[in-house]
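This text opens with one protein chain seen in two forms, each one given by itself as structure tokens under the names structure 1 and structure 2.
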Structure 1
């Protein structure tokens, strides 16, 4: 077996070829808009076809290196990459703004990123605005009616996963047998913030998915809608979920999608057993004092 047969890490462009109709991908083109290929080279954006459907595709290129920002390599989402990805989303919204809900093109995110590129220059120039802008763009597209599916093929780590994945309607992930990694914060960081011993957190991670990492744990949390058993199945599973998401939006059931829907799903799967009760309590306490502030 070839080394690449048992992993999709670093293979964002291969994944695009695997899920799209053959020869249909037009890189750096979304609707009537064209992107500068030299800008944000670590991001791959464009338009393709899936089972005849026009889709916007946004992915990471783990082999690209951004000479202007040396921290951007290996799939890192840097300052330019975040803006380029956000722009691709807004260009998608603009292209379909006059189309009915049923004709809003899906957005497919191919996720394989080890994180953001927080170098000194990036922080000064506004790295947080770049990643925050990308999150906002996806949220706006989702609420505008575009079905958004995130397909985790490798690494979905930290802040890069927050902007490139967690705003999707449905998140899918390859099985852990392919080296897929998902975590927002390692236990060592949780320990520093909570002041809890690492040993205690490691023990909690065995029974509580909130403290753990990995595809299976995120599935229990509701963060992953479905685990895809092998790369060859990605195309069919993505198409299936595009149709499911579009149907729910047509029925006006958007509360079952996106971050809110994942919370509901996590509660059903036993991974977030206190979430709904906590939300109810917060709402009750807010309602008790709202008039003192809203109508003041």
Structure 2
């Protein structure tokens, strides 16, 4: 574990301090809205400055425990957490609703989460709505013009990464030297569920980005825009990407951003070419019959 002494896993709050202008973070404030500090303790929301720009920050708190929903600890996103994060996004949109595109404040997601709340209470209330609601909020903010940057500092696992990260305009990840983990499931679990030999899976995972765990593979698939070499660089790289994203939005090139943009990038990087080919073929097959359906 020696090489992981400097890991950022579990250090969402430290990352906020490293990224923002010194002392600028106001937790539980977004625009004129204040959050109940007791609600959804597993997530951290607030407002800060980056190079003088006002930004909304949404992060995970790996040291918080939610007494009402005890599956929430270690950075898990539970029912309250998902809705709290969604609310921070909607309050961001509301705060800038009368501002021109160029002044829509960025949203920075600091990602270090092992999963969505996996419990009975969660299923009874519908955890799928909490995590889905947060994603729709982010998609709306992105399409409204807010630049959204996700910075993966630790764990970005499966559904929790879909919820907190994969709706961003650009996704950045700290290099694997820092223990950063992006995956759906560890290879041991994949082996158990698919009943495939673990040694063969490990061998294949060295070259096949579509199932193997890791930051570098997600980069090849277009899932990660840029790998950040060390934590000290995070702030500058995030600022650079905020500017890039804002410029693309100003030029009306939003198709190059977000999930669709990552599809284009994955095709360019050669990691996800079959998806694009399938999409192209579906479009061609519809074009051939479109008249019958449009003029029914």
Partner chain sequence: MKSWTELANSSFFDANARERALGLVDKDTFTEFLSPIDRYCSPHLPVLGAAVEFDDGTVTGVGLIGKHPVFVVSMEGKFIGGAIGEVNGGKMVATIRLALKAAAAIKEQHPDDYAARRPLVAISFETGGVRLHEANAGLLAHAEVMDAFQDCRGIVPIVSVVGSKVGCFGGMGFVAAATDVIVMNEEGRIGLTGPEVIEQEMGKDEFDASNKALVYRTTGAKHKYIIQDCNYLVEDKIGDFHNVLAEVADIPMDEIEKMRRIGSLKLVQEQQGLVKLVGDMQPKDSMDLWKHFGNENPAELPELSTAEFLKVVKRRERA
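These numbers come from a predicted model, not from an experiment. Positions refer to the first chain, counted from 1. Between two forms, the rigid core is defined as the largest C-alpha subset superposing within 1.5 Å.
Of the two forms shown, the form predicted alone is structure 1. Once both forms are fitted on their rigid core, the CA atom of residue 125 lies less than 2 Å apart between structures 1 and 2. Once the rigid core is used as the reference frame, the Cα position of residue 14 differs between structures 1 and 2 by less than 2 Å. Core-superposed comparison between structures 1 and 2: the C-alpha position of residue 189 differs by no less than 2 Å. Structural comparison between structures 1 and 2 after rigid-core fitting shows the C-alpha of residue 289 displaced 4.3 Å.
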